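Single chain ahead, written as structure tokens, the form predicted alone.
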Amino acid sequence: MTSKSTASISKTEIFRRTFRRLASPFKQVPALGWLIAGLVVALLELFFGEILANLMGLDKLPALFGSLIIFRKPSLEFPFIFNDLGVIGAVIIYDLLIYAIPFFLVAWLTKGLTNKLSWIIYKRSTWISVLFHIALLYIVLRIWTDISTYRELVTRLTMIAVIVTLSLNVINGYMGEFSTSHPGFMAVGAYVTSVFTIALFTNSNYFGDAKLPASWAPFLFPIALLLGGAVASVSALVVAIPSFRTRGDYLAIISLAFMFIVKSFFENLEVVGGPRGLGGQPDLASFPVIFVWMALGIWIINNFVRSTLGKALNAVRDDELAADAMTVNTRKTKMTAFLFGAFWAGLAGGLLAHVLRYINPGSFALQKLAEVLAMVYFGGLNSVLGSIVGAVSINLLGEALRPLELYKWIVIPVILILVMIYRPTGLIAFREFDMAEIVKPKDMRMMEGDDATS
């Protein structure tokens, strides 16, 4: 081994040791501690964010951690470089004072208290502890998004992306196939749900006067979403029946053809607007509604992949012949998983249609497919947690780089290529998601000892 390689290894080891040393004070911070720190940060920005932004000389409150300000087009006035550096410096200081320093400081200072509180709640009931953490997460996100309508829109779209990514990971990750039909399923769900709500609750040029009072819409909206998901699941049979009679890459080819067929079908269906699209959906996909559906989606999909059927999916993915020899009905297993994933994609499409309140066939084409595939493979295959991380990361990254316009589509692919080189299976792959383990206090042994002593 040369001295140069020895030096490089030592530098890598020094970096790892430094990172571990910096992270060591936060190892005992429970999930509750991080959520309370997030709550403090959200309240801090709510009450003092605008004041600090004015002191920093910013025109407005940074909407998305200041990324839209940092990546905006440079000013052309001389001396432009100093003007831009000044704005970037102001954003960095704002993020440090509002987000980074308070977040880690509160998490570190309260780790003892939050561990004890976590232990008290956890002892009473695991379910109560899980629901308490979810409710606290909702409060944090709600306060943070209430500061800016743009934040709320981005957060709602990100939560929908989590559902879509999870549903595709069931097929491409847990089942081990390569499906490209998810935009088609989203389109089916979006149009079916939109026709249901527009025809029943609004006066439109396409479907005439409203058939039911608008006050009924929030209560019947879940039925519309379930109907959209069910129709998308039935439409998946068009792909599943011929695809799973064969082996190899036929699913990718047939599912891609299905996506183009669905797009062409809605483009030529004048009753729903054809290529012009369909608008006028009632505003039913509010933040709380999407949050509840996302939580349900994570819970149901996580239980599905950890069930006996989920284990059968893993067996089919690893070796279909061996799984068949072990009495696993491989065709039935794959079709069930495929229809299950299509259902959640259709439901997500219905939510998306009522967030944007307008859809057209072009919204569910190759660009949508690329986005969904990027979220799945960036986050990690065969992992619910990886899908959540991938959806949140790609969505926030896409919004953060929006001011770069065309260059955004250079930066994001480069990042994806680097991930595929150094982490071929994604950031968080083949890892189970257990909410009960997440909400446990970190000092379990110490807490149990203190409890026994008392």
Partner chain sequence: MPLLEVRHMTHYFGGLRAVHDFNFSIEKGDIRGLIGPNGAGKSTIFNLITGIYRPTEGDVLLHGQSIVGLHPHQIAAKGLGRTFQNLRLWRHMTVLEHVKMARYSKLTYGLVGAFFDTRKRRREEAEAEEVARHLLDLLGVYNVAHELVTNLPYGMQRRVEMARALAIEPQILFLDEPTAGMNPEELAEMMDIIRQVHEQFGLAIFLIEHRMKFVMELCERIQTLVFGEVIAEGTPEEIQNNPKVIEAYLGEEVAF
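What you see is a predicted model; the values in this text were computed from it and never measured. Numbering follows the first chain given and starts at 1.
The discussion below concerns the form predicted in complex with its partner chain, not included here.
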> Which residue, Val271, Ala322, Leu105, Ile120, has a heavy atom that falls within 4.5 Å of its partner chain in the predicted complex?
Replying inline: Ala322
>> Only one of Thr333, Ser383, Ser243, Ser235 gets a heavy atom within 4.5 Å of its partner chain in the predicted complex. Which one?
In response: Thr333
>> Please tell me whether any heavy atom belonging to Phe19 falls inside 4.5 Å of a heavy atom of its partner chain, as the geometry stands in the predicted complex.
In response: no
>> Contact with its partner chain in the predicted complex for Ser148, defined as at least one heavy atom pair within 4.5 Å: yes or no?
In response: no
> Are any of the heavy atoms in Met326 no more than 4.5 Å from a heavy atom of its partner chain in the predicted complex?
Replying inline: yes
>> I'd like to check something about Phe304: if you look in the predicted complex, is any of its heavy atoms closer than or equal to 4.5 Å to a heavy atom of its partner chain?
In response: yes
>> Let me test this: is every residue among Lys311, Asn314 and Glu432 within 4.5 Å of its partner chain in the predicted complex, going by heavy atom positions?
In response: yes
> Which of these stretches, 109-117, 314-322, 157-165, 134-142, has heavy atoms within 4.5 Å of its partner chain in the predicted complex?
Replying inline: 314-322
> Within 43-59, which residues come within 4.5 Å of its partner chain in the predicted complex, counting heavy atoms only?
Replying inline: none
